[in-house]
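Shown next as structure tokens: one chain only, the form predicted on its own.
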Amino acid sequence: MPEITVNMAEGRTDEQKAGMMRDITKALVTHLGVDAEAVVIQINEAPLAHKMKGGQTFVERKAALAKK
């Protein structure tokens, strides 16, 4: 049973997350030959203030983009 964990910053809609999980499931069915019922996907979301890239939190990055 494949189990996939997706770590990402919060902010996507439930519809976006469900679509992503469906696409991942389809990919595993296609490429691994497993049954969709065997696929487990979990999303771990972090607040923007709890994720950092390039020395800036995602809150800081978002604010910098808004200034442009």
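When you see a residue number, it is the position in the sequence shown, counting from 1. Everything numeric here is computed off the predicted structure, so don't read it as measured data.
FYI, the form predicted in complex with another copy of the chain isn't displayed, but the following is about it.
Contact check for M1: a non-hydrogen atom falls within 4.5 Å of another copy of the chain in the predicted bound form. Heavy atoms of V6 reach within 4.5 Å of another copy of the chain in the predicted bound form, making it an interface residue. If you take 52 to 67 and check each residue for a heavy atom within 4.5 Å of another copy of the chain in the predicted bound form, you get M52, K53, G54, G55, T57, F58, E60, R61, in sequence order.
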